[in-house]
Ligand SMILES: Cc1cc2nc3c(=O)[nH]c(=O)nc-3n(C[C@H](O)[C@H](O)[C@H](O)COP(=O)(O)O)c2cc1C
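A single chain comes next, written as structure tokens; it is the form predicted on its own.
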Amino acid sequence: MLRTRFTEEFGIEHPIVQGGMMWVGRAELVAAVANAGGLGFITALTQPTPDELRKEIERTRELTDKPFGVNVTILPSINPPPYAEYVQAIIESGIKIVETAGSNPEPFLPYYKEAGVKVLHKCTSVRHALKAQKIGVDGVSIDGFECAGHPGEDDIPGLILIPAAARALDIPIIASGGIADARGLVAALALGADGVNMGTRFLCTQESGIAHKVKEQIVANSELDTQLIFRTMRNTARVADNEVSRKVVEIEKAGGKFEDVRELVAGARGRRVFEEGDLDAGIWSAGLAQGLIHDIPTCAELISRMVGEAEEIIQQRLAEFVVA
């Protein structure tokens, strides 16, 4: 068994996290991760209303008696969802771990703290992680440039970002970006992290609710099959390489603005990819970890394999390098 500050402080068996992913973090996947000893997160905003989130939490509890959490990503928008009501639903449902991302979670921290909720905040830089620690979060997920979704604008890969964060922070650190197997887990621990957060790898599991065709494409893809969109707008996002993402990059290079790609990147189109398996219906998040994914296991198989192989690497392969 791998024991870290994260497993001890967050009450989890294995230092492996399935982060919240839009249209993906649903009861079946989250419960499967929890039952396997990892920490899964329901994605709050995948649910259309706070009441639907309450129902999804109860559905998850019917499938597992292990700890799990809820992700709340706060993003600027013209018509923002009722974030305060989602937070209230989380607290009233008795959830004890929350993953926050996007904007500063400080306005909601007093409510979480009063309810005894531990907060894990996603950051893409050491400076943001230090700010999160200062305002009182319980841990950070530090996302390297390899990750799917938004890697920030500093372009710092995990090999540098993880130890830099570990040196600067006092709270537990979860490494994210480019991790899909035991080697990544061991490397993250060696770099100073207390666990790992995987998105793309958990997308490609049996319990993930996305179309099987998408999972097959992830297996077929290599580490070269992503695109970085919104670079010119300083809102970089790493997504799978397809007709739509290539078109967005082309429009940007020609000087296009967000209005020129708005329809192409609409969330409803990306949702169709996951639900219908139409790989070119819209943009969909995928990280460089695609190059390390070669099968579609159950969550139990994946986590058991990772932990077992990680123990073997630490006890045998790495031990061989130490000469008395």
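When you see a residue number, it is the position in the sequence shown, counting from 1. Given the structure is predicted, the values throughout are model-derived calculations rather than measurements.
There is another form of the same protein, the form predicted in complex with the ligand; it is not shown, and what comes next is about it.
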* Asked: Picking from 153-161, 84-92, 224-232, 140-148, which part of the chain touches the ligand in the predicted bound form when contact means heavy atoms within 4.5 Å?
  -> 140-148
* **The unique member of Val273, Cys299, Ala289, Ala34 whose heavy atoms fall within 4.5 Å of the ligand in the predicted bound form** => Ala289
* the ligand in the predicted bound form: contacted by all of Lys122, Ile179 and Ser285, heavy atom 4.5 Å -> yes
* Asked: Contact between Ser245 and the ligand in the predicted bound form at 4.5 Å, heavy atoms?
  -> no
* Flag Met21 as yes or no: does it have a non-hydrogen atom within 4.5 angstroms of any non-hydrogen atom of the ligand in the predicted bound form? => yes
* Asked: Taking heavy atoms only, is Thr73 within 4.5 angstroms of the ligand in the predicted bound form?
  -> yes
* Spell out, yes or no, whether the shortest heavy atom distance between Ile171 and the ligand in the predicted bound form is within 4.5 Å. => no
* To do: Within 4.5 Å of the ligand in the predicted bound form, which residues of 177-216 have a heavy atom? Give them in sequence order, or say none.
  => Gly177, Gly178, Ile179, Asn197, Met198, Gly199, Thr200, Leu203
